[in-house]
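A single chain comes next, written as structure tokens; it is the form predicted on its own.
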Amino acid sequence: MLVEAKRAAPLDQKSLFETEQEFIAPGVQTIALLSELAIDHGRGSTLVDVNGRAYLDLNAGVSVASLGHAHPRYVRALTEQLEAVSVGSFTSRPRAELVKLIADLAPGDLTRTQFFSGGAEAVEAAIRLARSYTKRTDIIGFTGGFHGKTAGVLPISEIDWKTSVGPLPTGQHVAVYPDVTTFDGTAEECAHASLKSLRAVIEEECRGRPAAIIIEPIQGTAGNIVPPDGFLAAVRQMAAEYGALLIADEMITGFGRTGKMFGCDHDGVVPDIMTVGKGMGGGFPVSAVISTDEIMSAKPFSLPSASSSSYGGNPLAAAAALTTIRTIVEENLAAHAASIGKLLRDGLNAIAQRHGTIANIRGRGLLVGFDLVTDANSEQLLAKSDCVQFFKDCLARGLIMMCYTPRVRIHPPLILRADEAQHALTVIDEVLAQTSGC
């Protein structure tokens, strides 16, 4: 299905990668370092390297490219906006239309939006907003959570090196997330244990006075971990019990990724504050905080320039997000994600029956995960070196996927076709059958 793209003068991909490595700072994404890819262009769910080789992209810039690559509608909208005006915080037609569209789509009374550039920036803003409204200080996150790498969110992000970069902000705590794939018991018991942990943190570490509880409806970086049904609703109830706000971090789960418009929709939960980004801009760096009239009016957050960002909501970012979200709605891509996601999960379950070296198939919509294991009986996670080999073998067959650790993450463009999903399953099946150690 994937064909070689024609080029008049092929470039040396390895040389280009190595030239960049001489000058780019270390610490870039693992997937870029392991693949050594130098990308020339993309179309739909396919990326093409500078040597003309095509790859099916199940990464989408880590859940970013909702519309795939070079979607004609997206390219046209950004081109037109570039030719008009691209910077500034004045009112623009795309921003005015965007905030109205978000208000129409967001659950409950979440009708006020403030824009930022990146995920951590928006999450930090959400924390400032919660503290402004409640006049409290403490924030509770969950084990396995990821909310960014800036100092203001490192305490509630599970990053192994965070204690090596100096003192971290105080007043942030972590409860146990209900990861049913590692819990020795039923999903109901797992949820109960997590809620017990959350209550203990609130009462013993926050002294019963938290400003907010922040949670990912599905934990992305941890491995696309889906909590038990009803868990988010129970957290919503506990937040209200203790007078805390609930922040739903929907950076990954927002705007159709999970088969519904927002991840919290699966539990019928309306958070007090929602953070969004990644897929909402289709590749343009834009994020946002969404809340109610009452909460957003809290001071000092609502003071002039107190919550603004130089780049947040500029005309070009607004045009990108407006076009992306409109396309998701008008092309019913949330329902499409639900359908193709089920196809992927069903296919992975069939592969697990044949090989026994993948387990814990999970996910919602086009946010899918599974574990690479040594055998079906023990479900012992595969060694990191074997996972890297699995990644490279998939890449050699033209498949880009975050599978270089035992907890595999799949989050392709929302436009992924059924035949492309089936091709990905075929590659995974072939690699598992042929790779030593799998």
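The first residue of the sequence shown is number 1, and the count goes up from there. Just so it is clear, the structure is predicted and the values come from calculations on it, not from any experiment.
What follows is about the form predicted together with a small molecule, which we do not show.
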Q) Does any heavy atom of I252 come within 4.5 Å of a heavy atom of the small molecule in the predicted complex? A) yes
Q | 4.5 Å heavy atom contact, G283 and the small molecule in the predicted complex | A | no
Q: Tell me, yes or no, whether I273 is in contact with the small molecule in the predicted complex, where a contact means a heavy atom of each within 4.5 Å.
A: no
Q | Contact flag, F146 vs the small molecule in the predicted complex, heavy atom cut 4.5 Å | A | yes
Q: Heavy atom within 4.5 Å of the small molecule in the predicted complex: which of G312, G152, P228, G119 fits that? Just give me the one.
A: G119
Q. Just one of S307, N360, T357, T221 has a heavy atom within 4.5 Å of the small molecule in the predicted complex. Which one?
A. T221
Q) Among 168-176, 111-119, 318-326, 348-356, which stretch sits within 4.5 Å of the small molecule in the predicted complex, heavy atoms only? A) 111-119
